[in-house]
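Below sits a lone chain in structure tokens, taken as the form predicted on its own.
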């Protein structure tokens, strides 16, 4: 028997009030309900440390589910920086809403503790990624956009690619600027929107950007490199795109409502994702089970049940041409 209509109306109103309260804790929004990412603590691009080439002097702190940390992890991987920068993986503590260390690091049990020791404003979020200097005893930078620039300038083997070659600078910056707002942050603006109008605006911008990416890759023709700015190697523009696209079907489409068009309908972009995933070391930075568990299990206002639904196998998203491409598998 269905519950009485007045009870349903009251429950809906109560839940909506609670939802707005919970969403306020999850992420700030402007008066029109559009999500606005809070400012970080260590956002300026620091100079290259004098001990950058020395082994063991620096630690890159990352989390497996965080796409902003993923871009730093990818830069570290592609630039082959393991000899001079260690990686340290923190794990989420959903109950406390924070990142914690598996073992104490520099005397700290949580990332919040480390941020406090390094002089961060208590109101600033303690987020990953973060690059820590053991010599200086502080976090050098935690803004991922600046961090990947620093990692690209870090001393690296001669075989490591330059992710921002001079001839591609204007193209890289143009794509990075657009991707940051419309794609990387765009999926969050969809998921964390407080109103239908805010969601519609963010979702429209997201898929317009994906269509533009598809057109750019298609315009290269068969002789093109297949990377966004046409170089022989991927650039920082490719690096910042991958963490979002690799999570699209697994997290952002089902949880954030980014489901207007499946990526297989953008065959050049689908193939781009497959090629990037096949680069040496990239697959080792991808943890689909952790992504789904952390997103569906931790974002209570978006998914109150905490049930982690089944999703596609990552292997099916990175193997072979898009089903929409000529000669691609049928569905």
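Numbering follows the first chain given and starts at 1. On a predicted model such as this, the values are computed, not experimentally measured, just so you know.
From this point on, the text means the form predicted in complex with a small molecule, which you will not see here.
With the partner omitted here, the residue from 139, 229, 248, 128 that has a non-hydrogen atom within 4.5 angstroms of the small molecule in the predicted bound form is 128. 66 is the sole member of 29, 269, 61, 66 with a non-hydrogen atom lying within 4.5 angstroms of the small molecule in the predicted bound form. Heavy atoms within 4.5 Å of the small molecule in the predicted bound form are found in one stretch of 191-199, 206-214, 162-170, 141-149, which is 141-149. By the criterion of a heavy atom within 4.5 Å, residue 99 is counted among the residues contacting the small molecule in the predicted bound form. Among heavy atoms of residue 274, none comes within 4.5 Å of the small molecule in the predicted bound form. Taking the partner from the other structure, the small molecule in the predicted bound form has no heavy atom within 4.5 Å of any heavy atom of residue 36.
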